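Single chain ahead, written as structure tokens, the form predicted alone.
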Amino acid sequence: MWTLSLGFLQLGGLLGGGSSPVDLIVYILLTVVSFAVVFMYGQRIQAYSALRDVRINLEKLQGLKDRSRKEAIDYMTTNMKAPKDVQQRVDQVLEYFTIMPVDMDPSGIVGKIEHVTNQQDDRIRAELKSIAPQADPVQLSVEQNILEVATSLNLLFKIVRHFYIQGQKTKSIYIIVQLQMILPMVIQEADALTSAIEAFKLAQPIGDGLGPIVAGKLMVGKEKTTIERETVYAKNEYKGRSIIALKAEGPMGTVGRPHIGVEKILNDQTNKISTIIMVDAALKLEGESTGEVAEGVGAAIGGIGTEKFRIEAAATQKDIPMYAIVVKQSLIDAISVMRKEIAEATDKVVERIHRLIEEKTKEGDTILLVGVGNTLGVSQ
């Protein structure tokens, strides 16, 4: 007993600088109480701290959502000469949703998804034309892009708010902490979407327009032919080979329908395509340089997969090899005004295309070049 008391006194001397036994006892009691509080209420304290962090980010998301909505309304009233009372119509558009087809039986699912997404796109376009009938095609496409940003931010905000309220109600540390962990990436994506609005308003080329710029370089001075809605192609030659360059029709902010264009060109027996080369932007990994050019094989095209499926099916049916050239960039770069590094990479891509043609084809062959991406501000 004496030894234990002496140990406590020595501990008190170390911690309290020669404090009395009473002080030591108080210190021990406070320590025990602190451990008990942490043991019993630690998760709840952590939950409150995480909820506070989530609430701050949720308020930021709400600010970005409100800003994008205001930008959509301002562009309509200022540039498209829409009526001043378009707020209600815009709010209705922001709440539009698309129900994906049932996929329990995957047979024919691609055609069903394409049908639904085309219907969604047509409805938004029709809605914008009814609101501002005097707007030109470029303005309509710009407003559609801004509304897509506003719709995405609106959905992000509502999802985060849903789990935030669920966390408040249940006090579940697992819901709250998971939300807290993914919020930095959500905020990064929201910031990138918001920064894209300025590029859209100015109708300037964005990073995702790299593919159309490359295709456009091979279409300069050549006759352009519309092959599908908002999709054009032109024929060129290089060292005894024929090149058919395909891209979305600019300078509207659209990606066109390159998959249907590819199908029609491949099914035209007069073309006799021997090789397909696709050019697109690609999201870079952290540590990679913006504007870095990479080569590969396959269909270089994003989206939900319907376009890629149809291009792959058409090429496979005719046993045509597909080569891909991509330029690395971040999400922010892809939807912001095109950076100098990306613009300069277009010339490098053209050089890679010429080298591929020389190495993989022979004189007399016909090559289909597909420039994939949003062609905002990029003419033919």
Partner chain sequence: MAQMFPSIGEKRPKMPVFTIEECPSCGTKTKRAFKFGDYVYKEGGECAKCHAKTLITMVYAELIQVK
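Everything quoted here is computed from the prediction, not taken from an experiment. Numbering follows the first chain given and starts at 1.
Another form exists, predicted together with its partner chain; not displayed. Remarks below refer to it.
Residue in contact with its partner chain in the predicted bound form (any heavy atom within 4.5 Å), chosen from I320, L51, I332, I28: I332. Comment: its partner chain is not present in this chain, but in the predicted bound form one of A192, L94, I113, I131 has a heavy atom within 4.5 Å of it, namely A192. Only one segment in the set 237-245, 85-93, 293-301, 205-213 has any non-hydrogen atom within 4.5 angstroms of its partner chain in the predicted bound form, and it is 205-213.
By the criterion of a heavy atom within 4.5 Å, R355 is excluded from the residues contacting its partner chain in the predicted bound form.
Using a 4.5 Å cutoff between non-hydrogen atoms, K217 counts as a contact of its partner chain in the predicted bound form.
Contact annotation: T226 falls outside 4.5 Å of its partner chain in the predicted bound form, judged by heavy atom distances. At a distance threshold of 4.5 angstroms between non-hydrogen atoms, M100 is out of contact with its partner chain in the predicted bound form. If you check its partner chain in the predicted bound form, you find no heavy atom from any of Q119, K308 and L369 within 4.5 Å. Taking its partner chain as positioned in the predicted bound form, the residues of 343-380 that bring a heavy atom within 4.5 Å of it are, in sequence order, A343, T346, G377, V378, S379, Q380.
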